[in-house]
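The chain below stands alone and is given in structure tokens; this is the form predicted on its own.
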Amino acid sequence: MLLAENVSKNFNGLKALDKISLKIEKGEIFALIGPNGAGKTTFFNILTGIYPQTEGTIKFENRNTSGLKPHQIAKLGIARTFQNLRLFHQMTVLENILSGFFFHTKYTVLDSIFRTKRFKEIEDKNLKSAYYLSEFMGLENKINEIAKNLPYGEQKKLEVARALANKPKLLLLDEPTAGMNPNETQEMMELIKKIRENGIFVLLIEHDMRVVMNIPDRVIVFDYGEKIAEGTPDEIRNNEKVIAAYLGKTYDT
């Protein structure tokens, strides 16, 4: 599904990523971990077309994504959330989710002006899908709430719901449980499992070891822009390089 080969990124002579290679199969949950500044979000930004890679290739479903703009990559079926929330804070939950259907809204300006049959059919379909996603994410009772008034954990859920509205094949989650309390974290873990059960594979950046050791099929570890380890959660927690660079000697499995 996703293949990265020798991906590097330089910023004015500073090497943020150095020859990163990974392969994600359909249906996998894949976690990306490492210290702050290790290059994790930079890698996400390259996958989604925000940054071009300096070297290497990325293929999604055997299509080379090099040179594609973010909206073109989104159309291929890659959606993401952000470490810092990017909601439309003055819009309702429903309006935020509906905004995610943009790439799948095929009516014209004239359809919109004259409220044609096609316009009404597409709008009705999007509305039903938005209500479904709000229920899927446990936000059905907040559908008319202004986004900025939601508790933080529900704002994180809303951002995931909006990403899912793009009908992705690959969902990139940048620290989905950051700032959440234990109950919210558990709820997000269950939602990520449900997302995979619905045929969407997930690549997530995460610092919470409860998530990293219980959700992914495989884990990749970055340190100073390099991949230092890859394997199952059990393999990663016992990897001496990972313990030294990230987990620490006192890490309790």
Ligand SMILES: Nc1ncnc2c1ncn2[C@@H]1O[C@H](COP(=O)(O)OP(=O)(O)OP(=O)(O)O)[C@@H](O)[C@H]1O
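The numbering used is simple: start at 1 and walk along the sequence shown. A quick note: this is a predicted structure, and the numbers were derived from the prediction, not measured.
The discussion below concerns the form predicted in complex with this ligand, not included here.
Colleague: Report whether the minimum heavy atom distance between Arg196 and this ligand in the model of the complex is within 4.5 Å.
Modeller: No.
Colleague: Heavy atoms within 4.5 Å of this ligand in the model of the complex: does His207 have any?
Modeller: Answer yes; at least one heavy atom of His207 falls within 4.5 Å of this ligand in the model of the complex.
Colleague: Would Tyr51 show up as a contact with this ligand in the model of the complex if we use heavy atoms at 4.5 Å?
Modeller: Yes - in the model of the complex, heavy atoms of Tyr51 and this ligand come within 4.5 Å of each other.
Colleague: Can you check whether Leu203 is within 4.5 Å of this ligand in the model of the complex, heavy atom basis?
Modeller: Leu203 lies outside the contact set for this ligand.
Colleague: From the list Ala229, Ile24, Ala16, Ala245, which entry has a heavy atom within 4.5 Å of this ligand in the model of the complex?
Modeller: Contact residue from the list: Ala16.
Colleague: Which is the contacting stretch out of 185 to 193, 38 to 46, 56 to 64, 212 to 220, given heavy atoms within 4.5 Å of this ligand in the model of the complex?
Modeller: Checking each option against the 4.5 Å cut-off leaves 38 to 46.
Colleague: Counting only non-hydrogen atoms and a 4.5 Å cut-off, give the residues of 173 to 194 close to this ligand in the model of the complex.
Modeller: Only Glu175 sits within 4.5 Å of the partner.
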